[in-house]
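We begin with a single chain expressed as structure tokens, specifically the form predicted alone.
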């Protein structure tokens, strides 16, 4: 399968009084054409910041290094004009909170029309633009799409705003869609509808999707592959079934044991002891070592490298390949956990 995006050793640093701190330290993963890959991890691990860095939106004080190759272009070193050309046309991003992202003083129709105008090779008539806007809102399942063109963001529900945001991102038919927590603050029914919409868009348009979330229920029903992130690094990446039933990294297994499950019987939640180390206070070796029951002496001395083929993991003391977590009803993997 063709690699659409290849990220290698991505690092994002910010200045501080005690020296540079790096919330994103060493992120490496790839996205293949037409697939959905889930980027999973606890809040604060650097998922969203890494995505913003790929889009050139990490902020003026950020120092971004490493590489992120899209086609023949390195997004890390590309000039700002090149990134502006790629944003929207080739790569689009759905942000966490559409209410704060959408312009509150512009109608939904005007904002989609603006996206259509940006980078357009030829001007379209107002009738053509309106027809395209209605078609996009209809495609994302927004009821009464023609009437919604005249609505302002505050007049729509959370699910409707998210659909409008997705429609705006699809206006220029990007090949890669970055969805940053697209189901945040939505009730489970609307969550399921948004995720079904993303899967349908992948099938109909052939777009690849990088889905950022902390919810294993979301990735279980949506993604082809999963990349697990901890303390600024990718620590495991594999097909979705391998992550759920054959995790190799102790942190991944810990996340699964701590996950709420529908129909899971009386199995208690097993929280991971300790806390995530802050960017300026991470240990010399493996960042998970202070919380890991399987840690070895070498875990304190050096950070493990991400190695492997289809199933990659960064661990000096991995779980055995035959490891399987306790069986759960299949339906628990097919419904998002609120």
Partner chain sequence: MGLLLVRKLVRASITVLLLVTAVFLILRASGDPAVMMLGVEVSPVALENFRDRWGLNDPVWVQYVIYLKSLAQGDFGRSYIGDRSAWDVVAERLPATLILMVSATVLAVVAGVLAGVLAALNRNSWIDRLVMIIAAAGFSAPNFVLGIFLIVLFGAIWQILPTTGSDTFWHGVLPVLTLASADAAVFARFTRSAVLETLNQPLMRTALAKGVPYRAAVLRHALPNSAIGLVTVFGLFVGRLVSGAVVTENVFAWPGVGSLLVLSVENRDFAVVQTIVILIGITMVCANLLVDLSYLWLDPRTRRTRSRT
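Computed from a predicted structure; not experimentally measured. Numbering follows the first chain given and starts at 1.
The following text describes the form predicted in complex with the partner chain, which does not appear among the structures shown.
Note that among 184-192, 232-240, 108-116, 197-205, the stretch whose heavy atoms approach the partner chain to within 4.5 Å in the model of the complex is 108-116.
Among heavy atoms of residue 225, none comes within 4.5 Å of the partner chain in the model of the complex. Mapping the unseen interface onto this chain, residue 294 falls outside it, with no heavy atom inside 4.5 Å of the partner chain in the model of the complex.
Residue contact with the partner chain in the model of the complex: residue 93 places a heavy atom within 4.5 Å of it. Taking non-hydrogen atoms only, residue 138 never approaches the partner chain to within 4.5 angstroms in the model of the complex. Of the listed positions (79, 104, 71, 268), a single one reaches within 4.5 angstroms of the partner chain by any non-hydrogen atom in the model of the complex, namely 104. The partner is not shown here, but in the model of the complex the stretch 48-74 reaches within 4.5 angstroms of the partner chain through a heavy atom at 52, 55, 57.
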